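One chain is shown next in structure tokens, namely the form predicted alone.
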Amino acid sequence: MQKNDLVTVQIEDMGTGGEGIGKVDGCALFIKDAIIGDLVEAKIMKMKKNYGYARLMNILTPSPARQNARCREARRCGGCQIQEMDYRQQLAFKKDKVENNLLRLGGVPREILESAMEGIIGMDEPFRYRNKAQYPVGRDREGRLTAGFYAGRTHQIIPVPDMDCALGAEDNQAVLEKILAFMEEYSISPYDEEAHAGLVRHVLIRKGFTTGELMVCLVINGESIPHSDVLAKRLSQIPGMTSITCSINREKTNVIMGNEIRTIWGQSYITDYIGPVKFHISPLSFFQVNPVQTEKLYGAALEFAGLTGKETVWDLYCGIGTISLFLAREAGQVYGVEIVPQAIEDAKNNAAANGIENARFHVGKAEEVLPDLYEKEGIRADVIVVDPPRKGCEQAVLETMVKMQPERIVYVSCDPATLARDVKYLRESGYEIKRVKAVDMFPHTVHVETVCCLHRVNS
């Protein structure tokens, strides 16, 4: 096969980015927008030795799982890689993804995994679930102000007036319309990243799904927003508006938020709940974007921890204390560790706001904090909970966890591949998988969260 060849491909699997995968003459082809079960005609775009990339040209026979996307810009946007796949099939695909990674990369024996693996937790209504959205602001080809999302792998903005994101809160549209109208009226320019000129870079919108509170934060390439009192008056008329701020970001960077936040109107934060636990959420706070599924995810972690009220629990990568405060309701003592100082401040404030006194939080690297407190204060761990970033646990963290010899390790993962890698290490170090449950936190995308419980099997 060569570039520009047309081939017929039966799609049998899907890649990590949501591409359909099929084989032609023993060579795997990755085809964007194709799903499992499709028979497609595709055009070869790039070939390597054993695999290649092709562009979907025609769907010759659609998969039984194929459906019309609710959003007409789903393919161009790229944020929902599998919105054209029936939701039940999405769940089956994600559960298989977790299983296959644990089998192939983690080396977990099939009989052990079959005993441990439980059903995936999906959503009753898999749309409108995101409580946070970040919109770049710019100009379209005709020079008109626009805000929306970047098209996949580009910095071309797909404007929101043409695309009411099916995953975001319905309030977002009204917020953006008021901001763009204000910018037009007062000749406030959007940011141009090539020229490093212009003022408004992004608009961050967060919503408390339980409280109904709304936050708007404008990320700006400057010190202030002209006529911000007018903007605040207009935005404050939107029901639920609680916090209007700006984030100062004058750097030449792809990082969206700046570190300095200035309040324009109202509070500097909003509040929301996960289950019975209340959280203060600032523009810079990490907070799970799907609160409905987060409660189920953390509920599974709490169940897997098997707490009786006497255990000492360590929560590594604790962030603003979301899992820690869930655990503290049923643990004897919880210790949270996080390297980001502001997150620990938020965690302490959240504990105080909920009247939780059996949770202590420490700033630092887990591999340094744990041994220090263990050796100096004799604090041990009955249960360790980890919720690391996508790259998984640092090797030193895994080594420290094994040295602490907790009875149970509860691993909350956002990447089945790094989960499998870390499970392999833990299984080789005296632990065995007992329970695994996948949770669909991001319907219509290829991402899946997993909760895995390992028990110590040697003394």
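If you superpose the two forms and keep the largest set of C-alpha atoms that fall within 1.5 Å, you have the rigid core. In case it trips you up, residue 1 is the first one in the sequence shown, and so on. What you see is a predicted model; the values in this text were computed from it and never measured.
There is also a form predicted together with ligand SAH; it is not shown, and the following applies to it.
Given that the partner is absent here, does residue 365 sit within 4.5 Å of ligand SAH in the predicted complex, heavy atoms only?
-> Flag for residue 365 set to yes.
is_contact(residue 353, ligand SAH) in the predicted complex, heavy atom dist at most 4.5 Å | Answer no; every heavy atom of residue 353 is more than 4.5 Å from ligand SAH in the predicted complex.
Exercise: residue 389 in contact with ligand SAH in the predicted complex, heavy atom 4.5 Å | Output for residue 389 is yes: heavy atoms within 4.5 Å of ligand SAH.
Classify residue 322 as contacting or not contacting ligand SAH in the predicted complex by the rule of any non-hydrogen atom within 4.5 angstroms, answering yes or no.
-> Yes, residue 322 sits close enough to ligand SAH in the predicted complex that at least one of its heavy atoms falls within 4.5 Å.
May I ask whether 298, 318 and 340 all come within 4.5 angstroms of ligand SAH in the predicted complex, judged by heavy atoms?
-> Spot residues vs ligand SAH: full contact, yes.
Only one of 93-101, 220-228, 281-289, 125-133 gets a heavy atom within 4.5 Å of ligand SAH in the predicted complex; which is it?
-> Of the options, only 281-289 has residues within 4.5 Å of the partner.
Core-aligned C-alpha movement of residue 396 between the shown form and the other one, 2 Å or more = Yes, the C-alpha position differs by at least 2 Å between the shown form and the other one.
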